[in-house]
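Single chain ahead, by itself, as structure tokens, in the form predicted alone.
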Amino acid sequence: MTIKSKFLPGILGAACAVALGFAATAAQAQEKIKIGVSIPAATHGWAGGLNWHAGEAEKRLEAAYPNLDIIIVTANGATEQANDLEDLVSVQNIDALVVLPFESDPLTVPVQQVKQAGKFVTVVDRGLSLPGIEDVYVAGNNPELGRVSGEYIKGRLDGKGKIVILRGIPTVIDEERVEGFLAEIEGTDIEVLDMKHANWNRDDGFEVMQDFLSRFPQIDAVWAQDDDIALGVIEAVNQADRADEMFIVGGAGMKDIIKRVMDGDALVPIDVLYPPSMIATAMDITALKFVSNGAVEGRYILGATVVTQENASNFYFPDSPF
């Protein structure tokens, strides 16, 4: 089963509510169900949002289902995360695991061992190196994030203009996003003046954009790909006093960028979601495995929703660190 929908979080929320109504009695009759959630520590903005949404989901799910015990552990590296998984199985005796691997390769065997121990496994965002280990896979849609960003810029520029691209870290994720973007603008009169890696980092975004601004007298639009990068780009553009010449498209759903969109900031007219709340989606799906009689196994690919001034309030979480 593969689900691709920008409405998936809302659908799952409704599904959880229905499951609560029909399955609460059954859940209360069961032994305590333990769900381990293993995620990277809040080492950067998106991961900070991930941690916040995991905590919010834990409170919500445990309140809705008293027999659920959700155990969240965070790791600063792959080795630490592998040790966490061993403890979750051998010490905490979890029934299910929700894991966003710090890195794919080093976590593949540890997650496989959790599965071999008879646990239900949900993998989030970064897939494992071997297919078929997990019962559920939840992720954002990287090619679609690139395509949707390109579609907006193409339409806004009426198919012609000069743009610059700030890439992320050299990874498969970055390649998928860039390929989706370039395919969308292919055949137009949009000229990509240059593209450079900014490593999903605000300071790098600032430096790369400063270089672009010094070299190109005309820039009509900037694809920053990521909201951390976009903050650096905004700072560089404002310092150069060129905000009236261009617009910036980022991605992920950072609250600072969403607020700008919500307030009608002409420099940041939209954002494209790659939501850290996908961890909450994964936790919801995993909980449904134990509190309802519905099948949940499969792949859930979240839509790359375009955030506009009209819908931005739906994606604004002021208490989140991201």
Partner chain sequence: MGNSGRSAGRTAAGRFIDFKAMGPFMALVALFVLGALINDAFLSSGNLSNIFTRSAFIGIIAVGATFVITAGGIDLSVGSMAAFISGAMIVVMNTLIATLGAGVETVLLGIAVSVVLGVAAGAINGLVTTRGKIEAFIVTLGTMGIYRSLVTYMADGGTLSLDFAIRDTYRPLYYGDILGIPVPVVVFFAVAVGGYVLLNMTPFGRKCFAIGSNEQVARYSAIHVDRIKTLTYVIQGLCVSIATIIYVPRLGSASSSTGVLWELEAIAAVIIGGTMLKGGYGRIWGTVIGAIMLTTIGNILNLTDVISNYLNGAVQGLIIIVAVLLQRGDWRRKKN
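The shown structure was predicted, so the numbers you read here are calculated from the model rather than taken from an experiment. Numbering follows the first chain given and starts at 1.
Just so it is clear, the following notes concern the form predicted together with the partner chain, a form of the same protein that is not shown.
Segments offered: 83-91, 193-201, 155-163, 103-111. Contacting the partner chain in the model of the complex at heavy atom distances within 4.5 Å is 193-201. Of the residues 262, 42, 267, 64, just one reaches the partner chain in the model of the complex with a heavy atom at 4.5 Å or closer; this is 42.
Checking 74, 129, 188, 210 against the partner chain in the model of the complex, a heavy atom within 4.5 Å turns up for just one residue: 210. Residue 256 belongs to the set of residues with a heavy atom inside 4.5 Å of the partner chain in the model of the complex. When contacts are judged by a 4.5 Å heavy atom cut-off, residue 180 does not count as touching the partner chain in the model of the complex. Of the heavy atoms in residue 135, none are within 4.5 Å of the partner chain in the model of the complex.
The partner chain in the model of the complex is not approached by residue 55, whose heavy atoms all lie more than 4.5 angstroms from it. Taking the partner chain as it sits in the model of the complex, the stretch 148-168 comes within 4.5 angstroms of it through a non-hydrogen atom at just one residue, 167.
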